[in-house]
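Only one chain is included here, represented as structure tokens and corresponding to the form predicted alone.
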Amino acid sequence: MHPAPADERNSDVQLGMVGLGRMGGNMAERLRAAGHEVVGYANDGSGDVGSLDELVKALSAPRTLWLMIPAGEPTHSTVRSLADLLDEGDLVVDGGNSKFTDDTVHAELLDAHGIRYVDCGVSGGVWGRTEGYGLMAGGDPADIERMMPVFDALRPEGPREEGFVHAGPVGAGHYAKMVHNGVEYGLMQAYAEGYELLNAGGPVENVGAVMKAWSRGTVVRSWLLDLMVRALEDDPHLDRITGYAEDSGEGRWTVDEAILHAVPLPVISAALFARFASRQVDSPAMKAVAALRAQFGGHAVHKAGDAALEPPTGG
């Protein structure tokens, strides 16, 4: 665990953490290790206090609360509650994966009560507690400066600009994180397709070893590749999982923004659609294609329950 050096943290702060799951709980522990006081609340009863009201009362004014809860209604309802519980000068940071357009709504709601708001995209997953979190913040410069001791404790060690950015006004942090996750979709899909081709019957005998050999010196080395290698060392043929991949929303929002701004995103779009395809046991679209091939060319089709492979016959 390597929090930022003391001279960059400026001073210890008190913070209320709402949400103590895989991300929020680990972030709270990293902050505590850096000398900050964290009072945690979770609706499953695992926190230091039993309600939002108790959390607010446990903090000294001006208060700072960090939300690490699911996007959408859970965040909306929490912000609405905090608007009634907090006082003028308090600050709310949404560190979850909210859509950037929600940030304006939340900021305006809180501003009507004199409460400040910052949005912060957070990357690092379950490794962030020891390795640090990549942070992308949006908000007023004064509010960002107020949060710097917390940001410095959460980010990885090293130059601040390599792990933290003030991306712009409210909404910019989550926008940057949205695009980050779209890029992540494309990178993961590329590694996955390479993995499948290596396994497809060519001369390679040890796929995991090949991918591990890419870890140093090659132009495709990355932390995601390191995690792929780790997964293959644990389960060499990935026999313990199925090829079913969910998406958490940011990939869809990225593609939506690309359409709005007429920006071509063929790789990210294909990676998102590949996840949709992973959830289909039997593709209705491919059934339609098979039916059409049979209609226009008399090509053979596989009847339901027939696992035999059809040789390519054109069309």
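Residue numbers run from 1 along the displayed sequence. The structure presented is a predicted model; accordingly, all values stated were derived computationally and were not measured.
The form predicted in complex with a further copy of the same chain exists for this protein as well; it is not shown, and the discussion that follows is about that form.
Using a 4.5 angstroms limit between non-hydrogen atoms, V255 touches a further copy of the same chain in the predicted complex.
Under a 4.5 angstroms non-hydrogen atom cutoff, a further copy of the same chain in the predicted complex lacks P149 among its neighbouring residues. In the predicted complex, no heavy atom of K99 sits within 4.5 Å of a further copy of the same chain.
With a 4.5 Å cutoff on heavy atoms, V267 counts as touching a further copy of the same chain in the predicted complex. Of the residues L91, I144, A83, A192, just one reaches a further copy of the same chain in the predicted complex with a heavy atom at 4.5 Å or closer; this is A192.
Taking a further copy of the same chain as positioned in the predicted complex, the residues of 144 to 164 that bring a heavy atom within 4.5 Å of it are, in sequence order, P156, E157, G158, P159, E161, E162, G163, F164.
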